[in-house]
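Let's start with one chain on its own, the form predicted alone, as structure tokens.
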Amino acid sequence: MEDEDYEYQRALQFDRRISRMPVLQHLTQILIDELEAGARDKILDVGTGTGRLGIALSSVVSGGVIVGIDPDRGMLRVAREKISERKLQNFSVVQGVAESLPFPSEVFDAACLLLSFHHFSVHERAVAEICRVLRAGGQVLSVDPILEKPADEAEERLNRLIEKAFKFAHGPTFRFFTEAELRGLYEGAGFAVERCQVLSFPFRWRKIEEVPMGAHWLQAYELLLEDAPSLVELFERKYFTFRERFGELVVHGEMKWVLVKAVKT
């Protein structure tokens, strides 16, 4: 019970934190616009977390069904409370993992992944499972943070150290993908990629709490200062600069995501 309460409190804090990030609202709307969902569609929200995307979709598919899936009990508890508070009838959540979806084959019209792909443990299997549960012609929409494709050895080392810092927080299976790698994963699972677009969002001396995964980007910066100070200038040029202003930490830089829109062939 104590573990469940801890997970729940952690999920509540997470939900409050991301609600203060305008960029996530922006990315959510981009995904919904690209989805072009029908009012009676059946949509799978993979990595639903606290249900923010599913709630936003509930009015779009007013006569349809949205099912969210996530392995985190605390996140799902928060999602269920929000669903109950809003009296939503077409959105429900279940516990499970993307690598083994607890659904029959060919039952969904679309699948959405909003900032969840990088959390999967076996990415090829997760994409194959998503393909399995989609009907022929069904579409998958994914938005996920990316690192830039390394152009030389220094950039390759920088990417490895950034991933190392993020694994401290998210576990050993966490990884970033490049645009080309994501395209290859979807095509390899039987999807035809219709769109693969990099989305950039600038942060101009914003509070670290306003940057998605801001604390982890700071950990990456601190790791570079300790283990590879020669790469700090490269990190600041490609990603973020951290400074203290008026007693608080602020961030300047740019973060990139990739939008993938693909259709099951």
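Just count from 1 along the sequence shown to find any residue number. What you are looking at is a predicted structure, and each value in this text was computed from that prediction instead of being measured.
The next section is about a form of this same protein that is not shown, the form predicted in complex with a small molecule.
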Stretch from 64-72, 199-207, 215-223, 231-239 whose residues place a heavy atom within 4.5 Å of the small molecule in the model of the complex: 64-72
Whether 43, 108 and 138 all lie within 4.5 angstroms of the small molecule in the model of the complex by heavy atom: no
Candidate from 181, 187, 99, 163 lying within 4.5 Å of the small molecule in the model of the complex - any heavy atom: 99
Heavy atom of residue 91 within 4.5 Å of the small molecule in the model of the complex: no
Heavy atom of residue 120 within 4.5 Å of the small molecule in the model of the complex: yes
Proximity of residue 142 to the small molecule in the model of the complex, heavy atoms at 4.5 Å: no
4.5 Å heavy atom contact, residue 18 and the small molecule in the model of the complex: yes
